[in-house]
Structures are given as structure tokens and as C-alpha cells.
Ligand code: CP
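Given as C-alpha cells, the chain that follows is alone and in the form predicted alone.
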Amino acid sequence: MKNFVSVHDVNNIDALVQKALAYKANPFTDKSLGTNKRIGCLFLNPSMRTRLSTQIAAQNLGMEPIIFNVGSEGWMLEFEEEAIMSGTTVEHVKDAAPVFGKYFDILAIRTFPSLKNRDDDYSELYIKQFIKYAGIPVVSLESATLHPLQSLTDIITIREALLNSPSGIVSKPKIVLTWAPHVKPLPQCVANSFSQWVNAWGKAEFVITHPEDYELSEEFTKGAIITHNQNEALKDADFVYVKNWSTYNDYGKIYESDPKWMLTNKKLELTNNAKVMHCLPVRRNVELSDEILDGPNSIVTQEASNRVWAAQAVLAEILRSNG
């Protein structure tokens, strides 16, 4: 594995999931793999679980993680080629990234979309420029369109739940991604990425449900069943992934925030006693009800804890591939 920015960087999803679960069972089995190696974690946006889990994963492998908040602790970076830097940006990525490449063995980047210009956001300029100029492996800690570590975590969590199911492994579970209300426009990153990974995994019946006009890019959803009828989507579901996202076509907007789309125990009765997932943070009683989050069907905490093992599996693969 050279870089990790999407599912396309993974040769075998199941093998990577198994590696993550093996690390969960024995976190320090490769505690010397990253000895004398450093990972630089650059945050252009806030983070909690991604930041902490990546640090822990690196330390479990013997790596030294160094965290740097670019916006508040360093110079404002310019990413456009041939930019005339007479504005607020102080340093170009083509000058900064090669230096990072000398400081670190792996570079991990976190950035969000602006939600103002879809073409700019979906070009993934920021992370592509780091890959172009750093000269070392780059890991996405979330980008403008995708959140691959979260999505790997989600597949790990689904697989783990199936293995631990009293009825045994379901050969082809029904997984539903449902839109949820929110108080502000959110990126499509998690929804895009989850769709991309579930489709690539290819071992589930995958349904996406959302209000009209909240379609995601077909680049990520192709292969899924898409419906505006949430109740119909939830019928016989084994897993329900709850997430808000803003509009894609009329980019970055909120058209509605209908509380009827919030998942409740009443709606859960339509499912096959489905496990409920969310990437966190979650707006309680807006996106998801207390009764769900605090109830027996929620695997949200388990899901969040698995972030460590997803990151550890990815970092181990990169360390082995790059000597």
C-alpha cells in the first residue's frame, strides 16, 4: 500500500479487516514494526477520534506520532499552482510538503470541504498536492470528499457484529444508509465514503435513503438501491448507518431538516433488530434519538473504538510496503 486516500488503495478489504481485528485481539503484536519511524499528522480542521485513534495506532506499532494544527500553529498554506501569493497564504505546499517528507516517514492529512464550490472541493486538490510533493506515503484522515479510515472502521464493525451474532454470520446482510436531520450543512464525505466501501466490499444488500434533492454523487453510490421512502428502506435491515449530509447538486445546502427522518425505536421495529451506527459526533435528539443511542441496538461506541484498529492496520500495511 503506497497511500491510503480511498478504497481504491486497498487490494483486499477482507484481509485488511482481518488484520485490524487481529490487532484488536493483540494490539502490540507488531510493536517494533515502526521503531525509529515518525508519522506527521497535519490537521487543517478539528478532530477528536481521528486524531487520538491515529496516535494510539502509531504508538502501538512503535512509531512516534507528531501532531501539527496547520491553521492555528503554522503558516497558512497555498495549494493552487502558479498562485500569486499576495493574499493571506504565506507558504506554498510545494515548499512545505517536501520538508515534511524529510521529517516524517508517513504523512497523514485532515481537511474538510468548503461547501462553497463543488468543483474545487471534489478536485481533492489539498491531499493530491501533498501526495505530489511530499515524496512519502500519505494517509487521509478525512478529505474534501471521503473519510476512508472511518469507512474501513465501519466495515470492521459490521464484520465484527456478524461474527458475534448469536445466529451466526449472515451471508448477505442488508445495510441501510439513512440521511438524518441536522442544524447546519455538513459535508458528504462520510456518506460518500461509506457508500464507496460498502459497494466495493460487495457482500451486502445496500440501500441509501434520503429526502428528495439529497442525492449523492453516482461516483460513490453506483450499485446501491436508492429510495426516498425511509420506512421502505428500513424494512428487514440488519444494519442502519445514520448520517446527515448537505445537498450535492445545489451544492452545500440544507433544503429541509424534517425531524420525521430521525431514527427512533418505533422505526427500528421495521428492521431485523438492526444494529445502529453513526460516525460521531452526533447531535442527540436531532440526528439520533436518546432511546437509540442509549439502547441495546446502538454499536456507536464499539464503532468509535474500532478506529484504532483500522488506523493500525493501514499504518502497518504502509510500513511493510515501504520498508
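Note that residue numbering follows the sequence shown and begins at 1. Computed from a predicted structure; not experimentally measured.
Omitted from view is the form predicted together with the ligand, to which the following refers.
Answer yes if any heavy atom of L280 is within 4.5 Å of a heavy atom of the ligand in the predicted bound form; otherwise answer no.
-> Result yes; L280 sits at the interface with the ligand in the predicted bound form.
Contact flag, S140 vs the ligand in the predicted bound form, heavy atom cut 4.5 Å = S140: no contact with the ligand in the predicted bound form.
With the cut-off set at 4.5 Å between non-hydrogen atoms, does S47 touch the ligand in the predicted bound form?
-> Heavy-atom contact with the ligand at 4.5 Å: present for S47.
Tell me, yes or no, whether N244 is in contact with the ligand in the predicted bound form, where a contact means a heavy atom of each within 4.5 Å.
-> Outside the cut-off, so no.
Could you spot which one of T157, T145, Q196, Q150 gets a heavy atom to within 4.5 Å of the ligand in the predicted bound form?
-> Exactly one residue meets the criterion: Q150.
If contact means any heavy atom within 4.5 Å, which of 49 to 57, 34 to 42, 64 to 72, 260 to 268 contacts the ligand in the predicted bound form?
-> Contact criterion met by 49 to 57 only.
Can you name the residues of 90 to 114 that have a heavy atom within 4.5 Å of the ligand in the predicted bound form?
-> If the 4.5 Å heavy-atom criterion is applied to the ligand in the predicted bound form, 90 to 114 yields only R110.
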